[in-house]
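Taking the form predicted alone, here's one chain by itself in structure tokens.
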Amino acid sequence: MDTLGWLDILGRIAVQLLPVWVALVAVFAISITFKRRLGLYGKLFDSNVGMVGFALVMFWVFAAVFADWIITHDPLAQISGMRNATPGSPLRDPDGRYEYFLLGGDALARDVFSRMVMGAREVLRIAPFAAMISFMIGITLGLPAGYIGGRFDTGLTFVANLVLAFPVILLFFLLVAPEIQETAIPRVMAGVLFIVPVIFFTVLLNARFFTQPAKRNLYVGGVLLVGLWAYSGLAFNADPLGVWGMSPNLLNVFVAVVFVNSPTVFRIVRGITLDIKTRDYVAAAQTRGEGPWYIMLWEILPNARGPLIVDFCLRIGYTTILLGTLGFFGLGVAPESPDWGSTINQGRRLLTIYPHAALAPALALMSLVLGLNLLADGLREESLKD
């Protein structure tokens, strides 16, 4: 078989990505049809910048979801004769496998296209969820700090500034160093950080349904049951059913991302709360006799959603870059993992001779971060129109 030309390569890649195209078309069709009923998300489709960003982000989300159907080879498999193969190179002996390495092979004879696609799953199983937990921690601490003030605010702000004063990359290196895995530090930090989302949802629902005991007990009980079940598995690997759990490497990275991002979110939420708590509707809620947590979570927080949603999108992008940086320096997840940072690092050694091994994951990383930034710009643009 002859080596494929670039048009053939792009055509075959487009065919492999068919599940992604179908999912994108379906999401855009439904979203545009019902955009007037979908709040801020629907308004996103009035912004060209926002739609481009959303399309880029959802492309990689669907690529991660359908990765098992899209990849042409096992991303960890080494195939004889395909070491540093150029894009479009045919396999010497397909033996029932896909006949080509669409984007070539790396220095260990692994398929670059398959590793790039599977790398999206590695990134997206950490970045959004780590950013989400960071936001819950920042909100849970930032709201009372800004609303109550006093020594409580001073103490939390000092701790946040202390963490932020430390160089981010150096802090990451310290938290994900292999030696740290042999200590109790990651589990202790996970135990402290991962309990906050359980507390957040418990307090949120308790404040909302405090005057309706039947609903409150049902909702709070459900949150505690599922939350503590997930908490035991994720933080301490003690889930008896084996549903929730993290490898030591993944836990290290996850804890590091959450710990580094939380102080920044705390400061943003605290600043917004200081502004919003002076508004008339907050005074009206206080006059009605509403409790502090109800006012913070159901009066202040909903009115801070615009800036927080925008920052959430940007923070996922920052986290993606940090994960890529950690992988590049060999401090991310498992060394053989197809995460983009590790793949770029392995490919850079032969960059001047065989650029494809590093270029493909680098472009993937760039496009995802660009999409998140454009999405944030689109959300900011539309939120300012409210």
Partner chain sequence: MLLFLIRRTGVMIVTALCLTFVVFYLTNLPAKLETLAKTQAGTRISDAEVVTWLDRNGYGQPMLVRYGEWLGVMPGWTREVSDEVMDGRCYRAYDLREPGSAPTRCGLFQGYWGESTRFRATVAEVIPTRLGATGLLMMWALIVMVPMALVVGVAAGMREGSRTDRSLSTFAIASTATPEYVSGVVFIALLASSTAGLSPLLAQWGWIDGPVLFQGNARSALEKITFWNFTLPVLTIALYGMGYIARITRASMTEVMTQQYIRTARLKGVSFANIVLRHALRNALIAPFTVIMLQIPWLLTGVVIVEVLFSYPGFGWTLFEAAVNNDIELLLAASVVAVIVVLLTQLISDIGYVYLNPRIRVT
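From a predicted model like this one, the values you see are computed outputs, not experimental measurements. Positions refer to the first chain, counted from 1.
This protein has a second form, the form predicted in complex with the partner chain, left out of what is shown; the following refers to that one.
**Q** Is the partner chain in the predicted complex near all of Val168, Pro355 and Leu374, within 4.5 Å of a heavy atom of each?
**A** Every listed residue reaches the partner chain in the predicted complex, so yes.
**Q** Determine whether any heavy atom of Leu365 comes within 4.5 Å of a heavy atom of the partner chain in the predicted complex, and answer yes or no.
**A** Because a heavy atom of Leu365 falls inside 4.5 Å of the partner chain in the predicted complex, the answer is yes.
**Q** Should Glu99 be classed as touching the partner chain in the predicted complex when contacts are defined as heavy atoms within 4.5 Å?
**A** No, Glu99 stays farther than 4.5 Å from the partner chain in the predicted complex.
**Q** Under a 4.5 Å heavy atom criterion, is Leu10 part of the interface with the partner chain in the predicted complex?
**A** No, no contact at 4.5 Å.
**Q** Check Ile344 for me: does it contact the partner chain in the predicted complex (non-hydrogen atoms, 4.5 angstroms)?
**A** Contact with the partner chain, yes.
**Q** From the list Leu224, Ala77, Ala177, Ala284, which entry has a heavy atom within 4.5 Å of the partner chain in the predicted complex?
**A** Flagged contact: Ala177.
**Q** Of these, Leu162, Ala107, Ile195, Leu218, which has a heavy atom no more than 4.5 Å from the partner chain in the predicted complex?
**A** When the partner chain is considered in the predicted complex, the option within 4.5 Å is Leu162.
**Q** To test your reading of this chain, name the stretch in 178-186, 108-116, 121-129, 209-217 whose heavy atoms come within 4.5 Å of the partner chain in the predicted complex.
**A** Heavy atoms within 4.5 Å of the partner chain in the predicted complex occur in 178-186.
**Q** Where, within 204-229, is there a heavy atom within 4.5 Å of the partner chain in the predicted complex? Residue list please.
**A** Counting only heavy atoms within 4.5 Å of the partner chain in the predicted complex, no residue of 204-229 makes contact.
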